[in-house]
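Just one chain is shown here, as structure tokens, and it is the form predicted on its own.
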Amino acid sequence: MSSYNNTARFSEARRVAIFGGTHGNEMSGVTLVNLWTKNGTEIQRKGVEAVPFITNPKAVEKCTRYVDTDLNRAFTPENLSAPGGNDLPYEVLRAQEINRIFGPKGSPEAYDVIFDLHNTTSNMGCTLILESSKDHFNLQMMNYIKKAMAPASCLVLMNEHPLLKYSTSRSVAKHPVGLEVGPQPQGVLRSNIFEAMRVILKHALDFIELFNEGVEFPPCTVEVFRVLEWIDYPRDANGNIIAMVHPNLQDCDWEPLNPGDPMFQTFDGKTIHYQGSGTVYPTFINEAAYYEKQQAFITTRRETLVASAIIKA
């Protein structure tokens, strides 16, 4: 990227990958990638090489989130540089292979864009995940998608927290884009969720084609929800969960949670209230996959980011 008169100039986005099955039981991405592998006409755009790719085939085969360890946390420098061998977890070996094909991560040879398709059991609707507030290419893309989806909602979660950010499979690309669509149970396909994901990818690829053709995108503002902290379930001294997400909070992703609002309900019916200092916007509420990570939901705050104008370099 270079900047000239407040216009950011980016190289053409010629190489694009679409990842499905990073978690093998999130069926919309798995099904779409399998569909596009057989017939990629739908994802073809002028001057763009769009590659559909199953990231965790063993987990997909078993219809489980992962085999040995979470692939979407595996792209750390330590894992990517670890000496190869059968003693490494399957997902670490797979991360090294993906890094060889689509990276190396952080290098000029890395793919321009990776879309990583996920489903959530939470009532999050359509959510794009932004890894950096300084990625004006992705901000412009997300603004384009949001406008194209209107009046339907498509929100942006910004995971830039230094302690909570993790090493995703999409982080191999120059411009990583996460997509969460829900609610959808694990191992299940729902037509409305499947179609919503499909439409978002269509708009994203349209944006890339327009950018590559030389369309200049003017400055814009993008509302995002910035990750603040993970909240765990209340637990006893032995680490056992002793309360559930309160019915007033369940399914209320992105709605304001104010100090004093009900947050959890103990098994004997007592209410535990939110004790934060100000209003937050929770999401990933009661996500099935996050019980093992000791996470009941994530808190965010609303922000408006300014994206500079962008044009092809």
Partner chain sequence: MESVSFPPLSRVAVCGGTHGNEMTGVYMVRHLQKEKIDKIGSVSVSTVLTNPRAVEICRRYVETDLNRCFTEALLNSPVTDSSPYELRRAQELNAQIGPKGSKEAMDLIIDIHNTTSNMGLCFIFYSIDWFTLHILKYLQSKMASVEVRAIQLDIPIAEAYSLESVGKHGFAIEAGPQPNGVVRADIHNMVKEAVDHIFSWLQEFNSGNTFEGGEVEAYTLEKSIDYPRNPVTGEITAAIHSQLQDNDFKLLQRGNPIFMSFSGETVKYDGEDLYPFFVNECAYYEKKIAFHLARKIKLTLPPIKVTG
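Just so it is clear, the structure is predicted and the values come from calculations on it, not from any experiment. Positions refer to the first chain, counted from 1.
The next section is about a form of this same protein that is not shown, the form predicted in complex with the partner chain.
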Candidate stretches 233-241, 150-158, 205-213, 93-101 - the one whose heavy atoms come within 4.5 Å of the partner chain in the predicted complex: 233-241
The partner chain in the predicted complex reached by all of K105, T168 and T299, non-hydrogen atom within 4.5 Å: no
Selected contact from P77, P185, G84, P219, since only one has a non-hydrogen atom within 4.5 angstroms of the partner chain in the predicted complex: P185
Interface residue in the predicted complex among L35, I54, V51, V67, criterion: non-hydrogen atom within 4.5 angstroms of the partner chain: L35
4.5 angstroms heavy atom contact with the partner chain in the predicted complex for K62: yes
4.5 Å heavy atom contact, T283 to the partner chain in the predicted complex: no
Contact test in the predicted complex: F194 vs the partner chain, heavy atoms, 4.5 Å: yes
4.5 angstroms heavy atom contact with the partner chain in the predicted complex for E255: no
